[in-house]
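Take a look at this one chain, the form predicted alone, written out in structure tokens.
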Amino acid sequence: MPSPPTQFKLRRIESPAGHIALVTMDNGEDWTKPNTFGEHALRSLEDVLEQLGTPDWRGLLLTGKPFVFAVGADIEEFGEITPERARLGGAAGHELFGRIRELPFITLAAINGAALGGGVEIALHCDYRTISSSVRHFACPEVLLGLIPGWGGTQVIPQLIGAERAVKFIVENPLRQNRMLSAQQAFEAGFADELLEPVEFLDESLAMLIQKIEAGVGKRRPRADLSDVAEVCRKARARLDGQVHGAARAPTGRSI
């Protein structure tokens, strides 16, 4: 039986720094049916973003239901996907995630559980990220499925962690039996700003957001040194050609 669509649930938190928007991604099911992004979920996100358009908000804390952040696109919709609908879905995700990035106040993603594909991408559109030490699945597995990250991951990941680590994360890890990162590995790679224990994870994430707001640090735009991107990609293509022998298009960015 299909899982109910994921909803973006908005709750107003009163804090010393002002009104904080706590947005929880939740499909109403337990951890065995993780949050995904389908058409209804994206519409829910659009509704929340409309509510965040008023000037009284000071920050956004984005998190998931217990044990799950979000695992990307709703594959139950793939059976009825058409090229046109796929393009529309890609454009919708880009537009909505971009609106998170452009919110006029500080945003923080509290990655409390599994984060895959679009779940990673939506977190990376926030200014800051915390990750629970209990997280065992952090990855962009699209290449394994013959796809490429479609909601900004190919742009924001290199800007955050550099070209070499980005190629490994986006392309090489999925082709190595879909290797995923643990919370510790994701933190060490530079995906998260703080690695926190699960017991007080949400409270500590909120405290970090409030501290950033009160410190006046403002928005953040990572700009890694990408001067080596051409050479990194050249070497990666050479390795991939020897590995897949042209049988797969996605690893070299030719999925469409």
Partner chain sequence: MAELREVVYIDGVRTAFGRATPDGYFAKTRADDMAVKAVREVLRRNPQLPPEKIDDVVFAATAQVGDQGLTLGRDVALLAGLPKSVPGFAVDRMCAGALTATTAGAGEIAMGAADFVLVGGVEHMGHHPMGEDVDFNPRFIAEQIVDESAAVMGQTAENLHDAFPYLTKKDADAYAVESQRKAGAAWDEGIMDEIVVPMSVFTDDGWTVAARDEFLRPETTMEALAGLRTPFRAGGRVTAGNSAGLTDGATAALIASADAADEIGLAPKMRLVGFAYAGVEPELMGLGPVPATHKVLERAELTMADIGLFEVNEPFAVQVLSWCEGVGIGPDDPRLNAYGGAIACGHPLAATGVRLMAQLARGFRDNQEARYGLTALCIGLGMGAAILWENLQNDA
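None of the values given here were measured: they were computed from a predicted structure. Residue numbers count along the first chain shown, from 1.
Although not depicted, the form predicted together with its partner chain is the subject of the following passage.
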All of Thr54, Pro104 and Cys126 within 4.5 Å of its partner chain in the predicted bound form, heavy atom check: no
Single option in Leu240, Cys233, Ala17, Ile13 placed near its partner chain in the predicted bound form, where near means a heavy atom within 4.5 Å: Ile13
Heavy atom within 4.5 Å of its partner chain in the predicted bound form - the one residue of Glu188, Glu214, Asp47, Glu197 that qualifies: Glu197
Exercise: Asp26 in contact with its partner chain in the predicted bound form, heavy atom 4.5 Å: yes
Residue contact check: Pro66 to its partner chain in the predicted bound form, 4.5 Å heavy atom: yes
Close approach of Asp225 to its partner chain in the predicted bound form, 4.5 Å, heavy atom: no
Contact of Leu202 with its partner chain in the predicted bound form (heavy atom, 4.5 Å): yes
